[in-house]
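Here's a solo chain for you in structure tokens, the form predicted alone.
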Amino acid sequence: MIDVRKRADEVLERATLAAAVFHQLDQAETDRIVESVARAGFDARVRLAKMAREETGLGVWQDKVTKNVLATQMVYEDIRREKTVGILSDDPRSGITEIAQPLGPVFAVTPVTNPTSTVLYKVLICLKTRNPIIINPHRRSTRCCVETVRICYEAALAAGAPEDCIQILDESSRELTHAVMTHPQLALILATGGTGLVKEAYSSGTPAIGVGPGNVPVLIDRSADIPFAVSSILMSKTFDNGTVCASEQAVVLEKAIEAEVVAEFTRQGAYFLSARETALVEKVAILESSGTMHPDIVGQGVPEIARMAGIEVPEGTRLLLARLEGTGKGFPLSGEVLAPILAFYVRPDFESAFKLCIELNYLGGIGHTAVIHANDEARVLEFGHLMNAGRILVNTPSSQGAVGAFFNPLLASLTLGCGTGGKNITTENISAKHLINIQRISRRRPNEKWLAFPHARLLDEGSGWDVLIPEYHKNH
């Protein structure tokens, strides 16, 4: 049994020394390190994907390759020209100069669903901002994360990075995680993972950037190109067996297009569960005690889910659809399930379908992501205006669309902020720009003096304004 406090002290001492050296590097030196690591991670994308699938038993290795491409090539392209060292801006008119400074050691919690890709992405954005990073892998993905860190670290050192700029807790435990999270020398926690760990990060007393849960509704409007919409949903929900937290969780549509949508889903390889089959899938997908998804269902394919539930589905089935009438406790599949299972709702009209999307959003995905398939811009705007989601995706596969780069100019990221609704600080996709402190040199304006308060006058006498300004503004 290791002494967790001693181990935390050792890790943070090394990270702090690395931070001191890192602080001395200029932009060009920093960018060489980032490029070297990005290329090394990209070159290992297939091997790391296969290792992640083999170790965790989750998802599809080919799709994990795509995630590794996002985390290296696409993240790198997003941040490569970004200025993160020295003077960011210098405005002679205002007299303000902005200077980028690193935060210090960052503790990165990574999930079992996206282990290697999350390590690659977090390493790159931390190195770009000259912040040493400490990786805390999920216990079921330690081996593939250790190998990912080895590849990144060797590439970083070869490009001139300081020693211990990347570390990993390969013997991690809840006690050690807590000791590092609460360590006084830690600057930031970058938490991507289960709700419990994210809450612990926020309660640690250390600044934290976390994520919220996703319960993504997708509305198919009557103005949509239905074959295209169905194809997009299938592309997204089957990607890596649904392990992306931004994957769709419920399809909602109005009655007028039900027959066409059902026929299209069936034609493209989806299977609609009967009421009996839905009940059987619920038992294996959702924990009765908590109402949350069963860990054994996460990232499993349709054949494995059917076997677990004791049902038979047509050969080649890609997705399971469960017709539901309501949401909440009485309808277990109305919540988040990171597997190729979707709730399916039909409502009389657009208004009631739209209200159900809001209800699903508030059931467990506030601030995360929502999707609409429509070619009626008025309905798109109404949906975007009233949904409480950081990412409103239009005619886009949610898994690939929410993480950016693939279908839109959102920042390429594997940490998706959910704003105050999801108990996060931002609704943005987290990237390098979120990992710097900005110092501002503010110069006094020349030849201007603030007069004593009694000499101030009304902004516009007689106008009803009660704002006071100094006398010197008369001539400016």
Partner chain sequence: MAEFEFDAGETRLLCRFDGRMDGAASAQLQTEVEERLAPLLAAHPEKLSVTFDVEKVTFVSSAYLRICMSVAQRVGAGRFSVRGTNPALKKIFLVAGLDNAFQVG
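Numbering follows the first chain given and starts at 1. All figures in this text were calculated on a predicted structure; none of them were measured in a lab.
What comes next is about the form predicted in complex with its partner chain, which is not displayed.
Although the partner is absent here, residue 13 sits close enough that one of its heavy atoms falls within 4.5 Å of its partner chain in the model of the complex. When contacts are judged by a 4.5 Å heavy atom cut-off, residue 375 does not count as touching its partner chain in the model of the complex. Contact check for residue 164: a heavy atom falls within 4.5 Å of its partner chain in the model of the complex.
Taking non-hydrogen atoms only, residue 395 never approaches its partner chain to within 4.5 angstroms in the model of the complex. Figure note: of the listed segments 292-300, 257-265, 230-238, 156-164, the one touching its partner chain in the model of the complex, with heavy atoms no more than 4.5 Å away, is 156-164. None of 89, 101, 195, 182 but one reaches within 4.5 angstroms of its partner chain in the model of the complex through a heavy atom, and that residue is 101.
Annotation for 8-25: interface residues with its partner chain in the model of the complex are 13, 14, 16, 17, 18, 19, 20, 21, 23, 24, 25 [heavy atom within 4.5 Å].
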